[in-house]
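As a starting point, one isolated chain is supplied in C-alpha coordinates, in the form predicted alone.
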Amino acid sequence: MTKQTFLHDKHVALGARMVDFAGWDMPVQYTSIIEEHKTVREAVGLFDVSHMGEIIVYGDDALPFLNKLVPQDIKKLTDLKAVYCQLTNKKGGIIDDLIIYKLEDNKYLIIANASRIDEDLNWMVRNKCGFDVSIVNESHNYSLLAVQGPKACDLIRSLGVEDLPPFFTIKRGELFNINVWISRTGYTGEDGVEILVRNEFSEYLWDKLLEAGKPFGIKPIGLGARDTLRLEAALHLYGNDLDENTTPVEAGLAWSVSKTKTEDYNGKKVINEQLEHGVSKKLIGLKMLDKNIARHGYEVYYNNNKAGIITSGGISPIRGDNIALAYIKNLDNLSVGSTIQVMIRDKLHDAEVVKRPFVPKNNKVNI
(Lines give C-alpha, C1' and ligand atoms only; values in the text may rest on other atoms or scores of the structure.)
Protein backbone atom coordinates (compact mmCIF):
# COMPACT_ATOMS: atom_id res chain seq x y z
CA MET A 1 0.00 0.00 0.00
CA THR A 2 1.32 3.47 -0.91
CA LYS A 3 2.23 5.52 2.14
CA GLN A 4 1.24 9.12 2.72
CA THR A 5 3.08 11.86 4.58
CA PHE A 6 1.19 13.88 7.21
CA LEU A 7 1.03 16.68 4.63
CA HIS A 8 -0.67 14.58 1.96
CA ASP A 9 -4.04 16.32 2.25
CA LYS A 10 -2.37 19.73 2.03
CA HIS A 11 -0.84 18.79 -1.32
CA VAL A 12 -4.15 17.52 -2.67
CA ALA A 13 -5.91 20.70 -1.52
CA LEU A 14 -3.30 22.77 -3.38
CA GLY A 15 -4.06 20.88 -6.60
CA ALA A 16 -0.82 18.93 -6.74
CA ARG A 17 -0.43 16.06 -9.18
CA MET A 18 0.43 13.08 -7.00
CA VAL A 19 2.67 10.17 -8.00
CA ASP A 20 4.15 7.09 -6.38
CA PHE A 21 7.76 7.77 -5.35
CA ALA A 22 9.66 5.12 -3.37
CA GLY A 23 6.34 3.78 -2.09
CA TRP A 24 5.03 7.21 -1.06
CA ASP A 25 2.19 9.21 -2.63
CA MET A 26 4.05 12.46 -3.27
CA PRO A 27 3.42 15.74 -5.15
CA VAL A 28 5.34 15.83 -8.42
CA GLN A 29 4.15 19.36 -9.29
CA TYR A 30 1.59 21.99 -8.27
CA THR A 31 1.79 24.27 -11.33
CA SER A 32 4.60 23.61 -13.81
CA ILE A 33 7.99 22.06 -13.09
CA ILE A 34 9.83 24.91 -14.84
CA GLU A 35 7.92 27.57 -12.90
CA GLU A 36 8.59 25.80 -9.61
CA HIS A 37 12.24 25.30 -10.54
CA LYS A 38 12.73 29.00 -11.25
CA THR A 39 10.95 29.91 -8.01
CA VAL A 40 13.65 28.06 -6.05
CA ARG A 41 16.48 29.57 -8.11
CA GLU A 42 15.09 33.13 -7.81
CA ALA A 43 13.06 33.31 -4.58
CA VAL A 44 12.10 30.52 -2.14
CA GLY A 45 10.35 27.17 -2.35
CA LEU A 46 8.81 24.89 0.26
CA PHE A 47 9.23 21.12 -0.13
CA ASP A 48 7.67 18.23 1.76
CA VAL A 49 10.47 15.68 2.06
CA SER A 50 8.91 13.75 4.92
CA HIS A 51 9.42 10.50 3.04
CA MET A 52 13.10 10.68 3.98
CA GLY A 53 14.28 8.51 6.86
CA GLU A 54 15.45 9.61 10.31
CA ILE A 55 17.51 7.13 12.30
CA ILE A 56 18.99 7.74 15.75
CA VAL A 57 22.15 5.86 16.71
CA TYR A 58 23.20 6.17 20.35
CA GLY A 59 25.20 4.37 23.00
CA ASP A 60 28.76 4.12 24.30
CA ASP A 61 29.97 2.64 21.00
CA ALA A 62 28.00 4.90 18.65
CA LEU A 63 31.16 6.55 17.29
CA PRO A 64 33.20 3.39 16.52
CA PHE A 65 30.05 1.74 15.15
CA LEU A 66 29.42 4.53 12.64
CA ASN A 67 33.10 4.66 11.75
CA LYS A 68 32.84 1.01 10.71
CA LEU A 69 29.95 1.81 8.39
CA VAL A 70 31.13 4.85 6.39
CA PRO A 71 34.34 6.09 4.70
CA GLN A 72 34.12 9.49 6.40
CA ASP A 73 35.93 9.95 9.71
CA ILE A 74 33.06 10.45 12.14
CA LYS A 75 35.35 11.18 15.07
CA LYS A 76 36.13 14.55 13.49
CA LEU A 77 32.49 15.64 13.95
CA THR A 78 31.90 18.09 16.77
CA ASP A 79 28.52 18.64 18.41
CA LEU A 80 25.77 19.77 16.01
CA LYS A 81 28.02 19.38 12.96
CA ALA A 82 27.01 17.27 9.95
CA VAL A 83 28.84 15.29 7.32
CA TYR A 84 27.83 13.84 3.95
CA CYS A 85 28.88 10.21 3.52
CA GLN A 86 28.02 6.82 2.09
CA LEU A 87 26.92 3.60 3.74
CA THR A 88 29.19 1.09 2.01
CA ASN A 89 29.08 -2.67 1.62
CA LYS A 90 32.09 -4.96 1.89
CA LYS A 91 33.02 -4.33 -1.76
CA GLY A 92 32.84 -0.55 -1.36
CA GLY A 93 29.48 -0.32 -3.13
CA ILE A 94 27.02 2.29 -1.92
CA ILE A 95 24.04 0.96 0.04
CA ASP A 96 22.86 4.54 0.56
CA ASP A 97 24.19 8.07 0.79
CA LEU A 98 23.53 9.77 4.10
CA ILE A 99 23.88 12.90 6.16
CA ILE A 100 25.07 12.18 9.69
CA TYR A 101 24.64 14.80 12.43
CA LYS A 102 26.37 14.58 15.78
CA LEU A 103 23.72 15.73 18.26
CA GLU A 104 25.91 15.16 21.32
CA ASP A 105 28.48 12.67 22.55
CA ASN A 106 27.36 9.12 21.75
CA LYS A 107 24.22 10.28 19.90
CA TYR A 108 23.84 10.79 16.15
CA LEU A 109 21.01 11.57 13.74
CA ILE A 110 21.13 9.94 10.30
CA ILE A 111 19.06 11.17 7.36
CA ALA A 112 18.49 8.36 4.86
CA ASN A 113 16.85 8.08 1.46
CA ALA A 114 13.21 7.00 1.51
CA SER A 115 13.77 4.01 -0.77
CA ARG A 116 16.66 2.70 1.34
CA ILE A 117 15.47 2.95 4.95
CA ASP A 118 14.85 -0.79 5.34
CA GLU A 119 18.12 -1.73 3.63
CA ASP A 120 20.04 0.76 5.80
CA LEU A 121 18.52 -0.53 9.02
CA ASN A 122 19.13 -4.14 8.05
CA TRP A 123 22.80 -3.41 7.26
CA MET A 124 23.26 -1.50 10.50
CA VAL A 125 21.80 -4.33 12.56
CA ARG A 126 23.98 -6.86 10.71
CA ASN A 127 27.05 -4.81 11.67
CA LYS A 128 25.98 -4.20 15.26
CA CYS A 129 27.57 -7.30 16.79
CA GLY A 130 30.18 -6.35 19.42
CA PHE A 131 29.05 -2.73 19.72
CA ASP A 132 27.17 -1.24 22.66
CA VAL A 133 24.78 0.76 20.50
CA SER A 134 21.06 1.27 19.94
CA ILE A 135 19.53 1.92 16.52
CA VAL A 136 16.12 3.58 16.52
CA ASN A 137 14.04 4.27 13.41
CA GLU A 138 12.25 7.57 14.10
CA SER A 139 11.07 8.05 10.50
CA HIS A 140 7.40 7.52 11.35
CA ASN A 141 7.46 10.19 14.07
CA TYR A 142 8.83 13.17 12.16
CA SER A 143 8.10 15.28 9.11
CA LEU A 144 10.84 17.06 7.17
CA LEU A 145 10.23 20.38 5.41
CA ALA A 146 12.84 22.00 3.16
CA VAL A 147 12.90 25.78 2.63
CA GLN A 148 15.24 26.46 -0.29
CA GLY A 149 16.26 29.43 -2.43
CA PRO A 150 18.13 32.77 -2.26
CA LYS A 151 15.42 34.23 -0.02
CA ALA A 152 15.03 31.14 2.19
CA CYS A 153 17.24 32.31 5.01
CA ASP A 154 15.72 35.80 4.95
CA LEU A 155 12.33 34.16 5.48
CA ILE A 156 13.55 32.06 8.39
CA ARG A 157 15.28 35.05 10.00
CA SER A 158 12.04 37.04 9.70
CA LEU A 159 10.43 34.39 11.88
CA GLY A 160 12.79 35.11 14.76
CA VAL A 161 15.62 32.69 14.04
CA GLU A 162 18.40 35.26 13.81
CA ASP A 163 21.36 32.95 14.42
CA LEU A 164 20.92 30.45 11.62
CA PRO A 165 23.32 27.53 11.84
CA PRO A 166 26.35 27.57 9.51
CA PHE A 167 26.44 25.26 6.53
CA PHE A 168 26.16 21.58 7.42
CA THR A 169 25.24 22.16 11.04
CA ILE A 170 22.02 21.70 12.96
CA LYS A 171 20.44 23.50 15.91
CA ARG A 172 17.38 23.45 18.10
CA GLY A 173 15.01 26.27 17.22
CA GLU A 174 11.49 27.51 17.58
CA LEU A 175 9.13 28.45 14.74
CA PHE A 176 5.59 29.64 15.53
CA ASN A 177 6.07 28.34 19.09
CA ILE A 178 6.94 24.86 17.80
CA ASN A 179 10.18 23.20 18.83
CA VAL A 180 12.07 22.02 15.75
CA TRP A 181 15.49 21.01 14.52
CA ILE A 182 16.84 23.38 11.86
CA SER A 183 19.72 22.24 9.63
CA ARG A 184 21.53 24.33 7.02
CA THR A 185 21.31 21.69 4.31
CA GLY A 186 19.39 21.00 1.11
CA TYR A 187 19.23 19.20 -2.21
CA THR A 188 18.90 22.06 -4.68
CA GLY A 189 22.28 23.80 -4.91
CA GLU A 190 20.69 26.87 -3.28
CA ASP A 191 20.98 28.16 0.26
CA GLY A 192 18.28 27.16 2.71
CA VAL A 193 17.31 24.98 5.63
CA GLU A 194 15.62 21.69 6.36
CA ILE A 195 13.25 21.63 9.31
CA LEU A 196 12.61 18.45 11.30
CA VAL A 197 9.30 18.64 13.15
CA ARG A 198 7.13 16.13 14.97
CA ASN A 199 4.29 14.93 12.78
CA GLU A 200 1.52 16.46 14.87
CA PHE A 201 2.82 19.97 14.15
CA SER A 202 3.69 19.51 10.48
CA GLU A 203 0.43 20.73 8.90
CA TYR A 204 0.37 23.84 11.06
CA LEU A 205 4.01 24.60 10.24
CA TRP A 206 3.42 24.05 6.51
CA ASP A 207 0.52 26.52 6.47
CA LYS A 208 2.35 29.12 8.54
CA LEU A 209 5.47 28.97 6.34
CA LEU A 210 3.40 29.44 3.18
CA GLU A 211 1.60 32.40 4.75
CA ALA A 212 4.73 34.04 6.19
CA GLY A 213 6.64 33.42 2.97
CA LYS A 214 4.27 35.32 0.67
CA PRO A 215 6.33 38.56 0.78
CA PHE A 216 9.37 36.47 -0.22
CA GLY A 217 7.62 34.82 -3.19
CA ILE A 218 7.30 31.39 -1.64
CA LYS A 219 5.58 28.55 -3.49
CA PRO A 220 5.14 24.84 -2.73
CA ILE A 221 7.52 22.77 -4.85
CA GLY A 222 7.07 19.20 -6.06
CA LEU A 223 9.41 16.33 -6.75
CA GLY A 224 9.66 17.23 -10.44
CA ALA A 225 11.44 20.50 -9.75
CA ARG A 226 13.39 18.87 -6.93
CA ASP A 227 14.86 16.53 -9.53
CA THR A 228 15.70 19.22 -12.11
CA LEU A 229 17.24 21.37 -9.37
CA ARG A 230 19.45 18.58 -8.04
CA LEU A 231 20.45 17.60 -11.59
CA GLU A 232 21.59 21.14 -12.44
CA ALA A 233 23.63 21.07 -9.23
CA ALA A 234 24.96 17.60 -10.22
CA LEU A 235 23.76 16.08 -6.95
CA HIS A 236 23.43 12.30 -6.99
CA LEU A 237 20.12 10.44 -6.85
CA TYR A 238 20.22 7.00 -5.28
CA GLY A 239 19.05 4.34 -7.70
CA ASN A 240 20.12 6.44 -10.68
CA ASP A 241 23.65 7.73 -10.02
CA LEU A 242 24.45 5.58 -6.99
CA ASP A 243 23.94 1.89 -6.28
CA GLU A 244 25.49 -1.08 -4.52
CA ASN A 245 27.80 -1.80 -7.47
CA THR A 246 29.29 1.70 -7.55
CA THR A 247 31.89 3.02 -5.11
CA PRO A 248 32.23 6.61 -3.86
CA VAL A 249 35.40 7.01 -5.94
CA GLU A 250 33.68 5.93 -9.14
CA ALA A 251 30.80 8.28 -8.34
CA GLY A 252 33.13 11.28 -8.16
CA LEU A 253 32.75 11.45 -4.39
CA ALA A 254 36.38 10.80 -3.44
CA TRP A 255 36.35 14.19 -1.68
CA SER A 256 33.96 12.65 0.88
CA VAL A 257 36.28 9.74 1.66
CA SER A 258 38.72 10.34 4.51
CA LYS A 259 42.31 9.88 3.40
CA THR A 260 43.64 9.82 6.97
CA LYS A 261 41.12 7.57 8.69
CA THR A 262 42.91 4.74 10.49
CA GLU A 263 39.84 2.74 11.46
CA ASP A 264 38.74 -0.09 9.21
CA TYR A 265 35.35 0.20 7.50
CA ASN A 266 33.32 -1.85 5.06
CA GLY A 267 34.90 -1.66 1.62
CA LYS A 268 38.01 0.22 2.74
CA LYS A 269 40.44 -2.04 0.86
CA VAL A 270 38.61 -1.61 -2.47
CA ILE A 271 38.16 2.13 -2.01
CA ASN A 272 41.81 2.70 -1.05
CA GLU A 273 42.97 0.72 -4.09
CA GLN A 274 40.83 2.90 -6.32
CA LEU A 275 42.16 6.06 -4.70
CA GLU A 276 45.70 4.87 -5.35
CA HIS A 277 45.39 3.22 -8.76
CA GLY A 278 42.31 4.82 -10.33
CA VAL A 279 38.96 3.44 -11.50
CA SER A 280 37.63 1.68 -14.58
CA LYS A 281 34.51 3.87 -14.81
CA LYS A 282 33.72 7.41 -13.83
CA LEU A 283 30.77 9.80 -13.66
CA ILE A 284 30.74 12.64 -16.19
CA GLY A 285 28.47 15.54 -17.14
CA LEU A 286 27.01 15.96 -20.62
CA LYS A 287 25.05 18.56 -22.50
CA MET A 288 23.11 17.51 -25.57
CA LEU A 289 24.01 19.32 -28.79
CA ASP A 290 20.47 19.03 -30.13
CA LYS A 291 17.00 19.15 -28.58
CA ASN A 292 16.86 15.49 -27.57
CA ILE A 293 16.85 14.43 -23.93
CA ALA A 294 19.26 11.78 -22.66
CA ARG A 295 17.27 9.76 -20.13
CA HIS A 296 18.20 7.21 -17.48
CA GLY A 297 19.35 3.96 -19.05
CA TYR A 298 20.25 5.31 -22.50
CA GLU A 299 23.55 4.01 -23.90
CA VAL A 300 26.55 6.28 -24.44
CA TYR A 301 29.00 5.79 -27.34
CA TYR A 302 32.46 7.15 -28.10
CA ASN A 303 34.09 6.59 -31.49
CA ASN A 304 31.22 4.23 -32.34
CA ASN A 305 31.97 1.99 -29.36
CA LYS A 306 29.69 1.65 -26.36
CA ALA A 307 31.35 3.56 -23.55
CA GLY A 308 28.74 3.83 -20.82
CA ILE A 309 25.20 4.62 -19.76
CA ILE A 310 23.11 7.65 -18.79
CA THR A 311 22.16 7.70 -15.12
CA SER A 312 20.19 10.98 -14.93
CA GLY A 313 19.07 13.36 -17.63
CA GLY A 314 16.60 16.10 -18.36
CA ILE A 315 15.95 19.73 -19.15
CA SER A 316 17.96 22.49 -17.49
CA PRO A 317 15.49 25.36 -17.04
CA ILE A 318 18.31 27.77 -16.15
CA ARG A 319 20.73 26.85 -18.93
CA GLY A 320 18.06 26.30 -21.56
CA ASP A 321 19.55 23.05 -22.82
CA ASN A 322 19.37 19.34 -21.99
CA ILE A 323 21.90 17.90 -19.57
CA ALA A 324 22.79 14.48 -18.19
CA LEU A 325 25.04 12.47 -15.92
CA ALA A 326 26.60 9.28 -17.23
CA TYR A 327 28.97 6.54 -16.16
CA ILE A 328 31.56 5.83 -18.82
CA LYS A 329 34.70 3.78 -19.15
CA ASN A 330 37.73 5.70 -17.92
CA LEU A 331 39.11 6.58 -21.36
CA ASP A 332 42.33 8.59 -21.41
CA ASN A 333 41.41 10.60 -24.51
CA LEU A 334 37.97 11.65 -23.27
CA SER A 335 37.82 14.93 -21.35
CA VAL A 336 35.81 18.14 -20.93
CA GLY A 337 35.03 19.47 -24.40
CA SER A 338 35.04 16.04 -26.06
CA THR A 339 32.11 15.04 -28.24
CA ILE A 340 30.31 11.83 -27.31
CA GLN A 341 27.09 10.22 -28.55
CA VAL A 342 23.89 9.09 -26.84
CA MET A 343 21.67 6.41 -28.39
CA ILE A 344 18.12 7.79 -28.50
CA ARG A 345 15.45 5.82 -30.38
CA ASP A 346 18.04 3.80 -32.30
CA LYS A 347 19.94 6.87 -33.46
CA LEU A 348 23.16 8.42 -32.13
CA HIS A 349 22.94 12.06 -31.03
CA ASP A 350 25.94 14.24 -30.24
CA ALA A 351 26.63 15.52 -26.73
CA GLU A 352 29.54 17.45 -25.23
CA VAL A 353 31.36 16.48 -22.04
CA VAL A 354 31.05 19.42 -19.63
CA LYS A 355 32.11 20.26 -16.10
CA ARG A 356 29.88 19.56 -13.12
CA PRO A 357 27.89 21.15 -11.60
CA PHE A 358 25.93 22.41 -14.58
CA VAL A 359 25.04 25.68 -12.84
CA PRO A 360 26.93 27.47 -10.04
CA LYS A 361 26.02 26.34 -6.54
CA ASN A 362 24.91 29.04 -4.16
CA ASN A 363 25.03 27.07 -0.94
CA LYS A 364 28.82 26.98 -0.51
CA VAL A 365 28.57 23.28 0.32
CA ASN A 366 30.62 20.87 -1.75
CA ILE A 367 28.07 18.09 -2.21
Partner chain sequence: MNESMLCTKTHEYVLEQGDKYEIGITDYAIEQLGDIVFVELPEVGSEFTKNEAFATVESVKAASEVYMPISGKVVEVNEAIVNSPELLNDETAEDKWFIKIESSADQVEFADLMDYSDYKEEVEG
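Numbering follows the first chain given and starts at 1. Since the structure is predicted, the reported quantities are computational estimates derived from the model, not experimental observations.
Although not depicted, the form predicted in complex with its partner chain is the subject of the following passage.
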Exercise. Is it true that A43, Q148 and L205 each have at least one non-hydrogen atom within 4.5 Å of its partner chain in the predicted bound form?
Worked result: no
Seminar exercise, completed: Within 4.5 Å of its partner chain in the predicted bound form by heavy atoms, the stretch out of 208-216, 284-292, 100-108, 73-81 is 284-292
Problem set entry | Any non-hydrogen atom of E119 within 4.5 angstroms of its partner chain in the predicted bound form | no
Exercise. For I33, is any heavy atom within 4.5 Å of its partner chain in the predicted bound form, or not?
Worked result: yes
For this session: Flag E244 as yes or no: does it have a non-hydrogen atom within 4.5 angstroms of any non-hydrogen atom of its partner chain in the predicted bound form?
Result: no
Problem set entry | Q29 within 4.5 Å of its partner chain in the predicted bound form, heavy atoms | yes
Seminar exercise, completed: Partner-free chain; cross-checking its partner chain in the predicted bound form, the single residue of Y327, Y298, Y302, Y58 with a heavy atom within 4.5 Å is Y298
For this session: Would you mind picking the one in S143, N266, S183, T228 that has a heavy atom within 4.5 Å of its partner chain in the predicted bound form?
Result: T228
